[in-house]
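Just the one chain here, laid out as structure tokens, in the form predicted alone.
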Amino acid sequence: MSEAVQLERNPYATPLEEFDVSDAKLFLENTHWGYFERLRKEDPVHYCKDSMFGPYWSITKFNDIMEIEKNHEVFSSEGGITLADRPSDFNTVNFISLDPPRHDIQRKAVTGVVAPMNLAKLEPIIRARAAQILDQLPIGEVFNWVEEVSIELTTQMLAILFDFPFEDRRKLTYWSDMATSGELNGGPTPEADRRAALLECLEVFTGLWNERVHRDPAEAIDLITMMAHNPHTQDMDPMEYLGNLILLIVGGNDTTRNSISGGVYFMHQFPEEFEKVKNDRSLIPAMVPEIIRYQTPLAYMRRRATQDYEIRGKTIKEGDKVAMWYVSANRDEEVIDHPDQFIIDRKRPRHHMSFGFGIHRCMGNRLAEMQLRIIWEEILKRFDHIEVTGEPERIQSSFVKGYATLNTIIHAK
């Protein structure tokens, strides 16, 4: 990064009233950290009066976010989970953007896919796929870990969960990327291209739906069959079906894939932590949630106030947008010891905000942890270490916090 950009992005040279932490360029450049640090210290409930999304509040401390997450009567999910307002002519509703009771009913329709019994069935499948992916990697050559490992493993997993045609599985990645990279959310993808991709997604999945309505739901555990046979989801209109598909695709793809990539990057940054787990693989279950905390694959979630609400002496007005910045909460020094350090043997590794809290807590959190645990168990069986060559290329988004490229070299044992 040039010195000019560094100076331009200096959070301590910028008046607080000019802060707009929703600027996707901050995350693309990895220069957002200082802004959140200053907000936590000086203005933890911050009002941004001017952004590409209009005015909004930033909640940046761990316990304040928990307070808002628990109060879903005052802080509604209706209208969307990102700061961008949905276009009225392309409104893809999904259950995470609903309040109870509709939220609870639709969420319950698909939670069976990540029930403990089903996760037990999925574990050997994930392990076999992870082993196959890792065994095909080149030793001693530079390659993009994101493309060859992180995307491939999570996309294969998604294909299983949807019972999607395996040979076409990369369409799932494409649709996920198009859904989250739109220009209305600060990304690089033109809105027309995003809509075209999502309509293609809807067309393909409508065909699958029409097949699955004739399946016996007692013999199928895929997400489409579950929705097609559940009385609360079987009559969804096309845009609501699309909205729930995108939610499940993004939730199963972007979050886990960026934590897989992030873990490799963090082990390179903190080699002493990698030595710990090399010497004691029983640390892997604690290391996994630390990777998820340190990465925070979704930077925030949005709510909208249904009535005036006072917090830290500030009054959030009815109708105001509120961004709960998980990426900041996970670095809150009042709640997490040495939060800027990656420490794989923390005493309370799951005490983080990456999965959210309350009724909207990520339903696939145990599946995500299982995938990460398995991939690291298989990595440690095979390789001495993984070298990262240069800085990763990050995604231009203030919502999905992730990587486009992570160039690596594997060193054999």
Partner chain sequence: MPTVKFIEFNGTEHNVEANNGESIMVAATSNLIPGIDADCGGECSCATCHVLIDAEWRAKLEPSTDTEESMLDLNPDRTEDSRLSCQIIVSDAIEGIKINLPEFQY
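Positions refer to the first chain, counted from 1. Because the structure is predicted, anything quoted here is derived from the model rather than measured.
The protein also exists as the form predicted in complex with its partner chain; that form is not presented, and the subsequent description refers to it.
> State the residue from P231, G140, P116, G313 whose non-hydrogen atoms include one within 4.5 Å of its partner chain in the model of the complex.
Residue within 4.5 Å of the partner: P116.
> At 4.5 angstroms, heavy atoms only, are V21, Y35 and R302 all close to its partner chain in the model of the complex?
No, the whole trio is out of contact, none within 4.5 Å by any heavy atom.
> Look at the stretches 24-32, 370-378, 39-47, 355-363 and give the one with heavy atoms within 4.5 Å of its partner chain in the model of the complex.
One stretch meets the cut-off, namely 355-363.
> Answer yes if any heavy atom of R382 is within 4.5 Å of a heavy atom of its partner chain in the model of the complex; otherwise answer no.
Contact with its partner chain, no.
> With the partner left out here, check for me: in the model of the complex, does some heavy atom of K108 sit within 4.5 Å of its partner chain?
Taking the distances in the model of the complex, the answer for K108 is yes, it comes within 4.5 Å of its partner chain.
> Please run the contact check for R194 against its partner chain in the model of the complex: heavy atoms, 4.5 angstroms, yes or no?
No - in the model of the complex, heavy atoms of R194 and its partner chain never come within 4.5 Å of each other.
> Please tell me whether any heavy atom belonging to V388 falls inside 4.5 Å of a heavy atom of its partner chain, as the geometry stands in the model of the complex.
Because no heavy atom of V388 falls inside 4.5 Å of its partner chain in the model of the complex, the answer is no.
> Does any residue in 56-75 get within 4.5 Å of its partner chain in the model of the complex, counting heavy atoms only, and if so which ones?
M66, K70, H72 sit within 4.5 Å of the partner.
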